[in-house]
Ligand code: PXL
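Just the one chain here, the form predicted alone, laid out as structure tokens.
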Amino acid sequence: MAYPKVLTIQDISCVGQCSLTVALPIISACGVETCVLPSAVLSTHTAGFSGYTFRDLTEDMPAIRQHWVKEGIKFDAIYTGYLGSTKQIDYVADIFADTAAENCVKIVDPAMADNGNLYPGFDMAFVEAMKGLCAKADYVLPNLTEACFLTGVEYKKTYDRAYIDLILEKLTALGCKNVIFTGVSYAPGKTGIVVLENGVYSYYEHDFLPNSCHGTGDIYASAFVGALVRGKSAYDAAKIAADYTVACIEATAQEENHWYGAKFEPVLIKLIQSL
């Protein structure tokens, strides 16, 4: 695929280094044509800011899809991030069905939970809808909390390989074809990525950095998509994305009071070089 066309569907926070303001430049930097479908527009993201504006674009999504269908527009990969409602999930399923090119790769980041809890505004009906979308995906990228909600497995902060294997088994039974399981830690001071592709388990471990940054999940998913679509194996794409995300966090730690996001731009050259 010499010049693939990727569609990413998620909200856009005008300020805050997350969602589409991360996905568009990162995937583009991978040398991939990047098309976007904003599910909502916010003045800033919702973590740490107050009084932000929010415009829901849910009702625009069917008309956009219909125009693409009329024009015969197809995508070689479709990547979904944060979706704000079950109706949006339904519309995304329609987009999967109507705008996927032959051999289109569908990547779902079920961005709905962290630290043992669902994000505000989400409930179990949303989880059930997300299960259905994940079953349609070629790759799903859950963190531990999201994987537990998707599978009904109790969330634990301390666990072993058998616990992770149980979650992977249940994700596979759900219909998830391949799993990129982020933030899996088997040892103190370490974290990593579990890759389950075609039933084969692999793991990439790196140091755990104590300074967390908003939007690093979006950075990771976008780098993974860019590397995957450029022809890297799932494991290599997972490793490239992990190393890049660590570099972003390290760069951010050097910047005083940069609390609202991660400095992904100054280290984009490292991602490009890794491809």
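All values derive from a computational prediction rather than experimental measurement. For every residue, the number given is its place in the sequence shown, counted from 1.
There is also a form predicted in complex with the ligand; it is not shown, and the following applies to it.
Which residue among 61, 242, 42, 32 has a heavy atom within 4.5 angstroms of the ligand in the predicted complex? Of 61, 242, 42, 32, the residue with a heavy atom within 4.5 Å of the ligand in the predicted complex is 42.
Taking the ligand in the predicted complex as the reference, which of 47, 69, 57, 36 has a non-hydrogen atom within 4.5 Å? So the residue touching the ligand in the predicted complex, by this definition, is 47.
Does any heavy atom of residue 252 come within 4.5 Å of a heavy atom of the ligand in the predicted complex? Flag for residue 252 set to no.
Quick one: is residue 214 in contact with the ligand in the predicted complex, heavy atoms, 4.5 Å cut-off? Result yes; residue 214 sits at the interface with the ligand in the predicted complex.
Consider residue 82 of the chain shown here, and say whether it contacts the ligand in the predicted complex, taking contact as heavy atoms within 4.5 Å. Contact with the ligand, yes.
With the partner left out here, check for me: in the predicted complex, does some heavy atom of residue 119 sit within 4.5 Å of the ligand? Flag for residue 119 set to yes.
Tell me, please, which stretch of 23-31, 61-69, 214-222, 233-241 lies within 4.5 angstroms of the ligand in the predicted complex when heavy atoms are compared? Going by heavy atoms within 4.5 Å, the stretch is 214-222.
May I ask you to list the residues of 13-45 that have any heavy atom within 4.5 angstroms of the ligand in the predicted complex, in sequence order? Read in sequence order, the residues that approach the ligand (within 4.5 Å, in the predicted complex) are 13, 18, 19, 42, 45.
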